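Here's a solo chain for you in C-alpha cells, the form predicted alone.
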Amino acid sequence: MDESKKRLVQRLMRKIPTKMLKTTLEKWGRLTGEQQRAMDSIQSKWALTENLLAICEENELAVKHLTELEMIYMIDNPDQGMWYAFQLTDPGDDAQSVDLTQFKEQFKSHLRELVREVSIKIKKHTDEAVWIRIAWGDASSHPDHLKPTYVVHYLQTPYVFVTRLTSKQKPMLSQAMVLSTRYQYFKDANLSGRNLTAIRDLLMRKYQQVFPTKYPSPLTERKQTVTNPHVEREQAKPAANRLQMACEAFGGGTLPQLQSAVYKLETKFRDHTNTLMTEREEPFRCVVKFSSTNLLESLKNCASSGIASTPVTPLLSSIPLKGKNYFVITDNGPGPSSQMRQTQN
C-alpha cells in the first residue's frame, strides 16, 4: 500500500470512534464476513488500524473506495467542523427541472474545466440531500484527500452548505454550482455553525416555529419560593408577559442549536465627552460576538427569566426570523438610529 492510502486509512481510523466502527464498516460493504468478524474481535484502536490496513491491501482497495468510507461516516456524523450556508439566487427558467443525473454530470464537468487535478464524489442521502466530496489539487499536485471540501445541496432549493472551503477554492465552487443548477449567483447566507442540521433547519424553516398570541398564566412549571399569595399574583403576571414576549421573538418550539452570532458595527461614534472620536469622519468599527452551546435557547431563557430586557431587541430576534447569525450594523443616516444590512460577498 502506498503512503497516501496508508495516511488516509490512519486518518479515518483516528476520526471514527471505536463504538461506531462496526456499523460504519458494515455500511461500507467492502469487507468479507470473515474480515468483518476479525475487526469486531479487536479492541485496541492501533490494532484495528493495522488490521484494516492489511485488509485494504489484501482486497486491493483504491483511494476511491476509502473515500466512500469517509463519506459514509461524514453523512452519519455531519457535525465534524464549521459549516457555512450559501444561497443560490436568480434561477433560470429550467432551474426546477434539474435532476440528480443532470446535476452530477454538469457539476463534475464544470469543476474539472476549472481545476485539472480534482477528485469529485457525489452521493444522494436518504433525506434528499446531495453530498459532494471534493479533493482539490492544482497544476503541480494531485488531489489532497486529507483535506477535502464537503458540500451539501438540496436539489430544487437554493440552499448550499459547505465545510472546509478556502478562499482560493470558493470562486471555483461558486461557478460550478451556478452552472450546474441553472442559477445566476452564489452568495453567502451569513449563517454558520457546527451543527449542520441546525443551520439547515434555520435557513430552510424546517424547525417548529410557534409564535403564540396568548400564553397561559400563571406559570405552573416555575418553582415559586414566595408563599404570600398577593406577591405570587404580582410576580406571575410580569413573568407570563416576559415568557410571552420571548416566545413571540423566538417561537415556542425547540430551536436550532447555534453556537454563535456575530455583529459587525460600522457606526458613527457618539459621545459628547469624547470630541476626538465623535468628530471622526470614518465610522467606528468593532465586532460583537455572542457564544453559547445553544445560543437561541440561551437568549430565549434570558428574556423569559428577566435577565435580559423585553421586548427582545430586533438585533437578537432577527437570528431565527431572518435565518442568519452574521450581521453588519450601519448608521441609518443622521441621528442615533442604526440599521442592520445583509452583507454580500
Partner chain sequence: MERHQNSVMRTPLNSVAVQRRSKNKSYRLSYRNRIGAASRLGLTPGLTARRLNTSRKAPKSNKITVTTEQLTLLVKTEWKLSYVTPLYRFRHTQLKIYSRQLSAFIAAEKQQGLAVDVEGTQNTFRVSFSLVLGMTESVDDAVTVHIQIHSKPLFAKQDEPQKPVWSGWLTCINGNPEYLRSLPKDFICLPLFCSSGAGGLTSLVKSWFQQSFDCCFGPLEISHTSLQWLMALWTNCQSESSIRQLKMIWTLPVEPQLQVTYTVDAEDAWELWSSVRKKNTAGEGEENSIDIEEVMSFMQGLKAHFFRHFRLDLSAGSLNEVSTALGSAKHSGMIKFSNSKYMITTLMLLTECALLKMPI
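Residue numbers count along the first chain shown, from 1. Take the two forms, find the largest set of C-alpha atoms that superpose within 1.5 Å, and that set is the rigid core. The structure displayed is predicted, hence computed values, not measured ones.
There is also a form predicted together with the partner chain; it is not shown, and the following applies to it.
Interface residue remark: P283 is counted as part of the site for the partner chain in the model of the complex, having a heavy atom within 4.5 Å.
The closest non-hydrogen atom of L265 lies within 4.5 Å of the partner chain in the model of the complex. Heavy atoms of R270 reach within 4.5 Å of the partner chain in the model of the complex, making it an interface residue. With a 4.5 Å cutoff on heavy atoms, Q184 does not count as touching the partner chain in the model of the complex; it lies far away. Proximity to the partner chain in the model of the complex, taken as heavy atoms within 4.5 Å, picks out 257-265 from the listed stretches 115-123, 75-83, 140-148, 257-265. Note on the partner interface in the model of the complex: the residue among I307, A62, A47, A54 having a heavy atom within 4.5 angstroms of the partner chain is I307.
Checking S318, T67, Q36, N301 against the partner chain in the model of the complex, a heavy atom within 4.5 Å turns up for just one residue: N301.
In the model of the complex, the partner chain lies within 4.5 angstroms of at least one heavy atom of each of the following residues of 273-291: N274, L276, M277, R280, P283, F284, R285, C286, V287, V288, K289, F290, S291, in sequence order. Core-superposed comparison between the shown form and the other one: the Cα of E266 travels 2 Å or more. Relative to the superposed core, Q35 undergoes a Cα shift smaller than 2 Å between the shown form and the other one.
With the core superposed, L155 shows a C-alpha displacement below 2 Å between the shown form and the other one.
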